[in-house]
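Shown below, as structure tokens, is a lone chain in the form predicted on its own; questions about how it binds or moves come after it.
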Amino acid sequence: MKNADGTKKSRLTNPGLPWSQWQLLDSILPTGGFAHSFGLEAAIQTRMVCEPEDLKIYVVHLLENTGSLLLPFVYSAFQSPNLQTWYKVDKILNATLTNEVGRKASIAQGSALMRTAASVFTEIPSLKVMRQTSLGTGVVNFHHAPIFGMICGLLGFDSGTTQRAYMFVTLRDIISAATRLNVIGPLGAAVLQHQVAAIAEDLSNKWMDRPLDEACQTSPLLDTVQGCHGYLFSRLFCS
């Protein structure tokens, strides 16, 4: 199809959107996710995870817990990507996360994501304004899930893509951590990620579009094990 002036009409309202989506999910984006093992390092040292089959069970439980606990915060921030909603959702999540190690990891990754997004996605000046307005005020903790949802909302993602993307990032990072901890090799990791994809889709659909008051823990043992990370004698990851 062509425009009135004879030029070719773009199929996309925002041709750059898919590229922004892919970049947000790209491992090269410096958001700090690969510095965290989601408790896997502690699970290995406590012998909860000893072999690839244990790893698959751990990954599935982590995805379930991510969907039940964090997708409601992603979804709420996505729906209203503004300063007031962000502050509110961030405050509720800070009170919800009882695991100190997990809370610090969420803040570290969220702060890095907000800093990176404000620098990369300059077509959305409100990101930089919100970050500068909030730094040093103590009003917001910069938790990862609300910031991810807010950025996706401002970039024009749809709801389903946003929540699946958050699950994908979690799956990507935990399998990367498992590879570096030598629980599984690079090829085995790729196979595992593909095998778990269908489960991740089912879990995404199960916990998608939930309000904040339905956020809950489904795997409290994972939360407990992650809390032991600070007591490990030697550590490769921050959490």
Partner chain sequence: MDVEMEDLKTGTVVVEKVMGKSTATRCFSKYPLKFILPRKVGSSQTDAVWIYALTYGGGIVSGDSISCEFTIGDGCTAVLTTQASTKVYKCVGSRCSVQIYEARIGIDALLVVIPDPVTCFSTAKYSQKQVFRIMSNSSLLIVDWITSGRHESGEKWDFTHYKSTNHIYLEGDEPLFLDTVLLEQGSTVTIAERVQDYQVLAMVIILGPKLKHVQTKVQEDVKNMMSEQLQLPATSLRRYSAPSTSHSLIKPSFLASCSPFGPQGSGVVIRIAAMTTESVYRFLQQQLASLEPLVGVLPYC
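Numbering follows the first chain given and starts at 1. It should be emphasised that the depicted structure is a prediction, and the values quoted were computed from it without experimental measurement.
Omitted from view is the form predicted together with the partner chain, to which the following refers.
- Proximity to the partner chain in the predicted bound form, defined as a heavy atom within 4.5 Å, holds among Q132, T122, T98, Q84 only for T98.
- A single residue from the set T46, S27, Q193, S176 has any heavy atom within 4.5 angstroms of the partner chain in the predicted bound form; that residue is T46.
- Remark: of stretches 90-98, 105-113, 158-166, 136-144, the one touching the partner chain in the predicted bound form is 90-98 (heavy atom within 4.5 Å).
- The putative spot formed by C50, E64 and Y231 is fully lined by the partner chain in the predicted bound form; each residue has a non-hydrogen atom within 4.5 angstroms of it.
- With a 4.5 Å cutoff on heavy atoms, S20 does not count as touching the partner chain in the predicted bound form; it lies far away.
- Using a 4.5 angstroms limit between non-hydrogen atoms, I184 touches the partner chain in the predicted bound form.
- When contacts are judged by a 4.5 Å heavy atom cut-off, W207 counts as touching the partner chain in the predicted bound form.
- Taking the partner chain as it sits in the predicted bound form, the stretch 220-239 comes within 4.5 angstroms of it through a non-hydrogen atom at P220, L221, D223, T224, V225, G227, C228, Y231, L232, F233, S234.
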